[in-house]
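Before any questions on how it binds or moves, here is one chain, the form predicted alone, in structure tokens.
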């Protein structure tokens, strides 16, 4: 098997893909016949590239993972090919080392603007066969039409079963455990609906800024960069109906049904259901942070949102009347990705009115640590009376699975190698998500929704607190 990584000298390859492949190699999960080819436009020879990979592994691996002898053996399966994507003749070198009868994985760790160009060139070399797969990263386009165009260009040479569209959030252990929690435990599945759920919160907060991507991000914004893929994918897993099998197409079928059930935004309702914001000067961990408009590559007059919070409705029987609150932003108070299932109040409080009874809450933390916490009420030890107290039932995955804990890219790469598509986005999913996103963006434009400013290092604009307060609720901003 050949793994060709286009963008082999780039950040994604060096920080995520090659460390993930090294871990598989170290654990003997890779066949001895696997060859890895980094592909880029830099003028490097094979030894120089191997040394660069080795240097990056020392940075991107934990010290306990790095073994000099294993790294050296890993480098033996790695090679480098110089290709300018704009020069079709440069792709001739690929035909010299493989054919359309080989198992070839083409990982496009490059800008989406090159997807069509690379696919065309691979076809021209006649090295795409029935055993080949192509892997593409989000974003798949920047609106519905560009997404359709990219998908059409890939479909010319690859069947849908050969196309793996990666959203690395779907490879996180806690995200996959969401499926186990729901469908492996009858006590949760029976109450996972409007019968017992008051509302749902999904948060993906980042402390990072633009990380030298100012010119790209200023043309994209939080809605297209994060909401359209990560948050909507998590929403689908939370809200979907039970699939027929965990490794079947029915997972993707059920996710698609959720996207098609999202209530469209109306321009005259936007102010009541959505908040967009942009960070200004502030501080994170006692470090001064400059405002968004002062970042390199950003237009001084920019109205690009770095924060979005919205209230969604899923119009089906299971979730009728249950609001879903989604938010994501840059330069937030802390790095946190989580799902909060807020349950309803008990129908009748039989305890002392002085007891502060809180509603049950299930918190599924995706990062920085992966965990599940269920907040329940218990009787506080006392000499007399019932005095209730909220306590958490905690499950921190690292406490139980420290040695077997795979990161998202490790898991997804192995699924690709083993040809398991269920956790990857199907074409109709991607396009349905863009259809909803385009409609949302158009509603914002038509309503001329104002951009709220928020301090870097905060939890976003105060108006986002009001958005959820209308549900008699508040965001889960508490520190553990």
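Predicted model, so just to flag it, every value in this text is computed and none were measured. Numbering follows the first chain given and starts at 1.
Form predicted in complex with a small molecule: not shown, discussed below.
is_contact(residue 245, the small molecule) in the predicted bound form, heavy atom dist at most 4.5 Å
Output for residue 245 is no: heavy atoms all beyond 4.5 Å of the small molecule.
Are any of the heavy atoms in residue 206 no more than 4.5 Å from a heavy atom of the small molecule in the predicted bound form?
Residue-level check for residue 206: yes, a contact with the small molecule.
Indicate whether the small molecule has at least one heavy atom within 4.5 Å of a heavy atom of residue 169 in the predicted bound form.
Heavy-atom contact with the small molecule at 4.5 Å: present for residue 169.
Although the partner isn't part of this model, could you tell me whether residue 230 comes within 4.5 Å of the small molecule in the predicted bound form, counting any heavy atom of the residue?
Answer yes; at least one heavy atom of residue 230 falls within 4.5 Å of the small molecule in the predicted bound form.
To verify the annotation, which of these, 134, 226, 94, 236, has a non-hydrogen atom within 4.5 Å of the small molecule in the predicted bound form?
By the 4.5 Å criterion, the partner-contacting residue is 226.
Proximity to the small molecule in the predicted bound form, single hit among 379, 212, 263, 335 (heavy atom within 4.5 Å)
If I apply the 4.5 Å criterion carefully, the residue I get is 335.
Partner-facing stretch of 254-262, 288-296, 273-281, 169-177, counted where any non-hydrogen atom is within 4.5 angstroms of the small molecule in the predicted bound form
The contacting stretch is 169-177.
Non-hydrogen atom within 4.5 angstroms of the small molecule in the predicted bound form for each of 138, 330 and 367
Answer is yes for this spot.
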